[in-house]
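The form predicted alone is given below as one chain in structure tokens.
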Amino acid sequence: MRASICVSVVVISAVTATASAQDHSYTPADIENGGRLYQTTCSGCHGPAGDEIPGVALGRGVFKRGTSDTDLIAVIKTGIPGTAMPPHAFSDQEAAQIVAYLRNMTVVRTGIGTTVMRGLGDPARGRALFEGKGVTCHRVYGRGPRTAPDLTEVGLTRPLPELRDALLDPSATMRPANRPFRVVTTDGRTIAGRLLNQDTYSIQMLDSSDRLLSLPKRTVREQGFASASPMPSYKGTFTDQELDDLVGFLASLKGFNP
């Protein structure tokens, strides 16, 4: 594990590590101390990457019990009766530091991504924001348009730092498979959307109106992927607490509707 963690943001408030708190702010020291506690106490069962217990992937936010920071602090301290997860004599602060490390495990281990300086908010509030404050382009649980990536399993496929970064700087975190596709036809029409497939003779895509199109290549003058995401940045649109709640909702999307 790294001896130090470089963070390019200024931390205004220190961690408030109480089991009743829903929102936790993390400092670099919290993450580093949590990493030490994890390695000495937790890695023997969960493994260095947190993925050696079936159905659990700590670095990707896949847990058997709980989603919020408060839930995880309680599990760390009290254990899970009837399972191999025992209680631990950690203080509230120590348990919160372990959670801080879990939230940042992927970044610490790989150096890829942005260190998370805040915890997860309330998934229920985040869902209300997602459905009611303009995040309307994505499909979740079979509802919504198909032009943007389906987010039903995004909590399994994207680590927590990437979820937050995607809301603040979508183009920087856009994955190759999600790049928007643009076609200009020989009669001058411009069609934007998502590429589904192409072969020698045709291009299949979903246009921006969610229509499935098959375009003969003989009618296509230009084609290519865009480098910028059509998704807007939500920096300034949501408060810090709202961003926490929204990330909490996205992290809870594991392929089934609770």
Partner chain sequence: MLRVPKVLASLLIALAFGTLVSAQQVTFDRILRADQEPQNWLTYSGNLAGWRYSPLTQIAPGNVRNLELQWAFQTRAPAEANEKFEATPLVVDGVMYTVLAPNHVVALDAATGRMFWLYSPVISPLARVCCGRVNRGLAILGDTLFMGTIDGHLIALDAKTGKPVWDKAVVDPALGYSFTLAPLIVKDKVIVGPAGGEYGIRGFVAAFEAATGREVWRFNTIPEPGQPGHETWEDPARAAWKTGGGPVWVTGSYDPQLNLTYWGTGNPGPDWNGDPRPGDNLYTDSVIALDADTGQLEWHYQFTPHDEFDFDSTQVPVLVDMPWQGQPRKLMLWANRNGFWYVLDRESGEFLQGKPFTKVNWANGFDAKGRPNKVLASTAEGTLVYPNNQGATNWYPPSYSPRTGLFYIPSWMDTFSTYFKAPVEYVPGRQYVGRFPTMSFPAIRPAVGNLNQRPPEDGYGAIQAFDPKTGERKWEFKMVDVTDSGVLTTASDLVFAGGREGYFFALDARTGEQLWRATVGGQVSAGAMSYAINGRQYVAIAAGSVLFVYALRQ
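Positions refer to the first chain, counted from 1. All of these numbers come straight from a predicted model, not from anything done at the bench.
There is also a form predicted together with the partner chain; it is not shown, and the following applies to it.
Indicate whether the partner chain has at least one heavy atom within 4.5 Å of a heavy atom of residue 83 in the predicted bound form. The answer is yes: residue 83 has a heavy atom within 4.5 Å of the partner chain.
Residue 87 near the partner chain in the predicted bound form, any heavy atom under 4.5 Å? Although the partner chain is absent here, residue 87 would touch it in the predicted bound form, with heavy atoms inside 4.5 Å.
Even though the partner chain is not shown here, does residue 190 get within 4.5 Å of it in the predicted bound form, heavy atoms only? Contact with the partner chain, no.
Does any part of residue 172 reach within 4.5 Å of the partner chain in the predicted bound form? Heavy atoms only, please. Residue-level check for residue 172: no, no contact with the partner chain.
Quick check on this chain: which one of 62, 37, 49, 213 has a heavy atom within 4.5 Å of the partner chain in the predicted bound form? Only one listed residue qualifies here, and that residue is 37.
Just to be sure I understand the contacts: of 29, 57, 195, 220, which is the one whose heavy atoms reach within 4.5 angstroms of the partner chain in the predicted bound form? Exactly one listed residue reaches within 4.5 Å, namely 195.
Would you point out which of 91-99, 122-130, 182-190, 138-146 contains residues with a non-hydrogen atom within 4.5 Å of the partner chain in the predicted bound form? Only one stretch qualifies here: 91-99.
Looking at the partner chain in the predicted bound form, which residues in 167-183 have at least one heavy atom within 4.5 Å of it? Heavy-atom contacts within 4.5 Å come from 176, 177, 179.
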